[in-house]
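Just one chain is shown here, as structure tokens, and it is the form predicted alone.
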């Protein structure tokens, strides 16, 4: 297997943290992970009809077909086109159609117009995926040691990149289906964790010590560049609620006039309430005096014991103020999550709805710290001390979005378990609601 001249993108990956621990980038490990993740994308798309693949219900949503093609474009652009001499894409136009935001990788189709790409067809998109997969597997089998050393970290990024898009496939198709008056069912068991036999556990306030804490990724396992470098932070003593805020508790905020009380809201949040007519979380509807919500199994009554989800940062912040509390900082969240096992309601369960059950054993004080819903923090998405972006197009992955976004932690019911960790930093604008976003309250310890 011959390789082209080495790319500056790839030379610095391991120095920047884009790597697993020693021995974890073996061919067997990455080949197995690559095949499993690529197959899981097909599992997520299997319930869809052809017509469902192409709809874009708002600018933030991308069609399923686009996600399937873009994740293939990633491997083609950052591995195959650089590593395989004479590699040719099935279509040169795919580089334009399926680039997302990598300016240095070339021109790209405008994001709000992805739903207008009726061609290539869904069948052609799957042919493209198969074509890329065949070449990727052949490269992983045949690459010499120098080629493997150079490109295995990029392959690992591509695997995690696809897992991010798998979460978007789920959340995007939920928004697409919610706009259909027929309210289609994506998967009949997609809210099986949403009907628990028991109610949410009683809420407790868990105390955590202040002082100096180490924050950020280190050691074995994959981490994105925005999780580095590991650094010290000083925290005042703080408290976290033992579980997530429930629908029933959030209903108290609604019924107490939370959406009609401007003093609870940040200025931009109140502007969003007024301009967008927010009255409740996204997907909630009031029918015959009762609240119902849209799920990926269709419409059903709001379960008061479930964690509230599909709320923006603005809503989470207003609720916290109403409740006499605040949102945690991301450093508080990470310090509190230390030692907690990564267990919970993840994408592998194909439930795609947050449940009221505790996701960890009783001996752990924080319930549902992982899975079910992403937890808003009050921390703006900024760089850690000493952070530097990678050279080249892969440096656009995280760093250039460090403006006007807030950090979420813990993963959701649409996140893969193998993708999440305590140092993972998700980020979205404060008005975003279509992801599985929820609330855990914090307080200062006095």
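Residue numbers count along the first chain shown, from 1. This is a predicted model, so every value here is computed, not measured.
Separately, the form predicted together with another copy of the chain exists; it is not shown, and the next lines address it.
The candidate spot formed by 35, 239 and 439 lies out of contact with another copy of the chain in the predicted bound form, as no residue has a heavy atom within 4.5 Å of it. Stretch 105-113 is the contacting one of 341-349, 105-113, 143-151, 218-226, since its residues have non-hydrogen atoms within 4.5 Å of another copy of the chain in the predicted bound form. Taking the partner from elsewhere, residue 120 is found to have a heavy atom lying within 4.5 Å of another copy of the chain in the predicted bound form. Proximity of residue 181 to another copy of the chain in the predicted bound form falls within the 4.5 Å heavy atom cutoff. Of the heavy atoms in residue 27, none are within 4.5 Å of another copy of the chain in the predicted bound form.
Using a 4.5 angstroms limit between non-hydrogen atoms, residue 60 is distant from another copy of the chain in the predicted bound form.
Out of the listed residues 301, 267, 130, 188, 267 is the one that sits within 4.5 Å of another copy of the chain in the predicted bound form by at least one heavy atom. Looking at 368-383, the residues that come within 4.5 Å of another copy of the chain in the predicted bound form, counting any heavy atom, are 378, 380, 382, 383.
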